[in-house]
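Single chain ahead, by itself, as C-alpha cells, in the form predicted on its own.
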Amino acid sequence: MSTKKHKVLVANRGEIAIRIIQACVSLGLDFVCVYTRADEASGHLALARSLGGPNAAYRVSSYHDANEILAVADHAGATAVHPGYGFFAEDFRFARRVAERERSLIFIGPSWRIIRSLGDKINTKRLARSLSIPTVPGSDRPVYDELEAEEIAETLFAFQAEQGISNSVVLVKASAGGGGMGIEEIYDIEQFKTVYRRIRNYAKRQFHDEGVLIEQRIFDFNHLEVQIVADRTGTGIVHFGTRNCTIQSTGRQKRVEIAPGFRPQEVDYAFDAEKLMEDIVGYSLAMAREVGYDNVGTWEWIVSPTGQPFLMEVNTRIQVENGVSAAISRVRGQGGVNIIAEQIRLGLGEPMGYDQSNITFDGVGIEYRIIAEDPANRFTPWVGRIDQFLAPTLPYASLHTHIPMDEPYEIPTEYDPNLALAIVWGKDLAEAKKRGVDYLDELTLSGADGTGTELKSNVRFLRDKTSTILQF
C-alpha cells in the first residue's frame, strides 16, 4: 500500500494528539482520533474536526480500552495506530494485538518483540552488560527472595563505603515500574526489610509482578537522553543528538529539557563532556543495532559528577521532549525536522532517505513543561478553570498545547494538569536562556478554582531554573 493511502488512528489525547494529527496532515495522510467525555473541550478534538470533518473523531469511554480503540479503527477504516506516549505506547501486548489481529494494522512504534525485550529493565540491563555498556551497579534480574535482596543491598552499601561515599543510599525499585513510580531509598541496612516488603506489595498491586530491583543510588547526577530514529529494516539507524532532563520535580518528573545534553563550549565540566556525549551516543547506537531497532526510541542515561555514564532504561516510544531535539537538528542543512512525522513515515515502511552524515546540529534548544501545579507544595496538581492563556508568537519559539486560547477551559480531573510545551531556540546557550526567560515573562496564564483561589502554575519555577541549565 502506498504511504499516502494509509489512515492513522490517533490513540491519545492533548498536545501529543495534536502533533500527530499535524504530522499526518504534513505527510498527506488521513487520520481519525478518539476523545473521552472529559476531553470534549480539548484542542485535539477541535483540530481533528476542523481538519477532518465530523467523522474525524469518535468518543470512547477510556483511552485505556483497547477494544474500543480498535473498534474505532475498524469502523473508520484506519490502517495504522499511533499510540503517542503513555496509555498503550509501551504495551507490547497491545502492539502485538494490533499487528496480529484478523484485520491487522500497523503499530506506529517499534515492533512488539522489541518493545517486550527493551521494556523489560532486567533484559535491557543484561543486554547492555553483554555489550560492555555501563549500567547502574546492582541486580540484573528481578529479585523475589527477601534474603537474596538483602545480600545485594549489603554488598552495595559495602561498595559505596569502599568508594569513600559517606552517606550511602540504595534504591529499591519495582522491576516492572517506570516513570519514577515504585522507587524508595534506604540509608542503612536496618531499613531494608520494611522498604523491600512495601515495594514488593506495591509492585504486586500495580504491575502484578512482585519482582524488585536493588541498585546503587547515584548522587548529584545529570539525566541525559539519546534520541534514536530507525527504519523498518532495523539497519537504517541514526541519532538526533542528546538531551539533558535533569531539572525535575520532587517526584522525579521532568520539567525542563535541553538539547544538546551538555554545552562544553560555554559551561565548564569536571570531565570531557564532548567525549561523554559521544560515548553514550555510541553505546545507544550499538544497542539499537544489536536488537534491530525499527522506529523511534530514547536511551536514558545518568551521568555522575566525575563523568561516568550509566544506562538507566530504554523508552520504546516517542518522548514528550522529541521537539527540543528536532529544534537543533538539521538534515542536509535544512531545519524544520519533525521527529513525529519521521516516526510515522518510517513506521509505515518508507525508507529513511538519509544517513548520519546528513544530520547536523545547530544551537541550543530549551523545552519548558508548563503545568498547573504548586511547586512550593511538592508540585501538587492544581485543578480549576483556565480563564486566559496567551503566548508570544516569536520566530525562535513554538508552543504545543491543547488548551483553547479563545475561551475558558476547565482542566479535567481525570488527567494530569499538563497545559503546554514551550520550545525556545538560541544560537548558543546564553541566547537560548535569555530567550527562554523572556518567553516565560511574556506568557499570560490566569484562572481560578471552585473556591475562587487563583491558578497555581510552575512558570516561576521554570523561570528560576533557567539560570542553572546545563550546569553540573
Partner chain sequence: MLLVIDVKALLENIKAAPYEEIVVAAPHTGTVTFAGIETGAHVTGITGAFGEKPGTLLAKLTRENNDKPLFANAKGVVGVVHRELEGRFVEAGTPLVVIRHYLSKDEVIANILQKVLYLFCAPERAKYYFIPSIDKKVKASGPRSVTVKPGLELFIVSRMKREKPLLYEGPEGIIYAVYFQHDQNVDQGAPLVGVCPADQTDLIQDVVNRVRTDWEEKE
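Positions refer to the first chain, counted from 1. Small disclaimer: the values here were computed from a predicted structure and weren't measured. Superpose the two forms; the largest set of C-alphas matching within 1.5 Å is the rigid core.
Only in words, not in the display: the form predicted together with the partner chain, which the text now covers.
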Location of the partner chain contact in the model of the complex, chosen stretch of 420-428, 60-68, 22-30, 399-407 [non-hydrogen atom, 4.5 Å]: 60-68
Proximity to the partner chain in the model of the complex, single hit among Val72, Ala341, Val320, Met352 (heavy atom within 4.5 Å): Val72
Answer option from Arg93, Arg205, Arg113, Arg141, heavy atom within 4.5 Å of the partner chain in the model of the complex: Arg205
Contact test in the model of the complex: Pro412 vs the partner chain, heavy atoms, 4.5 Å: yes
4.5 Å heavy atom contact, Pro381 to the partner chain in the model of the complex: yes
Contact test in the model of the complex: Asp416 vs the partner chain, heavy atoms, 4.5 Å: yes
is_contact(Met181, the partner chain) in the model of the complex, heavy atom dist at most 4.5 Å: yes
Heavy atom contacts to the partner chain in the model of the complex at 4.5 Å, residues of 8-35 in sequence order: Tyr35
Post core alignment: Gln206 C-alpha displaced by 2 Å or more between this form and the one not shown: yes
